[in-house]
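Just one chain is shown here, as structure tokens, and it is the form predicted alone.
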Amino acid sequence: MTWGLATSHVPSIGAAMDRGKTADPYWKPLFDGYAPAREWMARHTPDVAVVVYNDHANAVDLSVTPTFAIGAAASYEVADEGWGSRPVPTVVGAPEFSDHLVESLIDSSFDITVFQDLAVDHGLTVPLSVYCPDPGESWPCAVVPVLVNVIQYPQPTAARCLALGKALGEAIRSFPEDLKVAVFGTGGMSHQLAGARAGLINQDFDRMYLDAIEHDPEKLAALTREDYIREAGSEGIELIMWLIMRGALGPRIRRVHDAYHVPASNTAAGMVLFENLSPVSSERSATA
């Protein structure tokens, strides 16, 4: 595993890129903040990106809501979210790698739902655009979608997400082929879209999170659903998906870059990029 990226997946960020508005005064500070991370990631292209995200009732409705799911398809069409699909490439999958992750995670006592047919919405495509703003005809790497329920109560706990991340990291490291893998944790930061607190942004909580995701993820894993919603808003609970990325990386990481901008639409937009310095598994080390 080479690196991990935590990033907001605000749909208007994708729209700003698609419509050529990234240099507009409203958007320029956000995209300027991405630039150092993008330059670094462009020099460290993975073979596969594991993108942890939530669907926004585009491919998965509330009639069936898996807690954790993995896409195992050869490709994923870009969802039409009501105003046409984003003008970005179809997402190419890594079915053999997905199957390995599913088997390993189930053997680690995580009951994973498997999607063989899945359209991916802004929750996945916007983070890919944060990584690679100009993909051309195809994204630079294959993708494994990992879906998390952050919409329908009861959502998984933050502690369970961190544990899933650790199991995911072990699964990635046990794959027999030597792949360069990046893990994305997406969503957040603080925001609430409806109700009496609509428009909520909590910069103090967000900045604490940006620090603790590196230095003390266990502190974030100890927060309850109610803590997340109280401090970060009803949609801010998406931040639990960052813990899956963090757990996968292991204890030794280096912060490459971070950025924080308020507002992106009505959301606090954050991003942090880590280089993974944790060793490969002992089994692989012994055979290297």
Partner chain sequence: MSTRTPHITGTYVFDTADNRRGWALNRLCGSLKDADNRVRFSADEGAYCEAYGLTAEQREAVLGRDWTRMLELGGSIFYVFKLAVLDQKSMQYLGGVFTGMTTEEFAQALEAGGRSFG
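Numbering follows the first chain given and starts at 1. Quantities reported herein were computed from a predicted structural model and do not represent experimental measurements.
We do not show the form predicted in complex with its partner chain, though everything after this point is about it.
Heavy atoms of residue 48 never reach within 4.5 Å of its partner chain in the predicted complex, leaving it off the interface.
At the 4.5 Å threshold, heavy atoms of residue 257 stay clear of its partner chain in the predicted complex, well away from it.
Taking non-hydrogen atoms only, residue 92 never approaches its partner chain to within 4.5 angstroms in the predicted complex. Shown alone here, residue 116 lies farther than 4.5 Å from its partner chain in the predicted complex, counting heavy atoms only. Every residue in the set 81, 152 and 230 has a non-hydrogen atom no more than 4.5 Å from its partner chain in the predicted complex. From the list 221-229, 29-37, 66-74, 244-252, the contact stretch for its partner chain in the predicted complex under a 4.5 Å heavy atom rule is 221-229. Just one of 201, 102, 141, 212 comes within 4.5 Å of its partner chain in the predicted complex, counting any heavy atom, and that one is 201.
In sequence order, 192, 193, 194, 195, 196, 197, 198, 199, 200 are the residues of 182-200 having a heavy atom within 4.5 Å of its partner chain in the predicted complex; the partner itself is omitted from this view.
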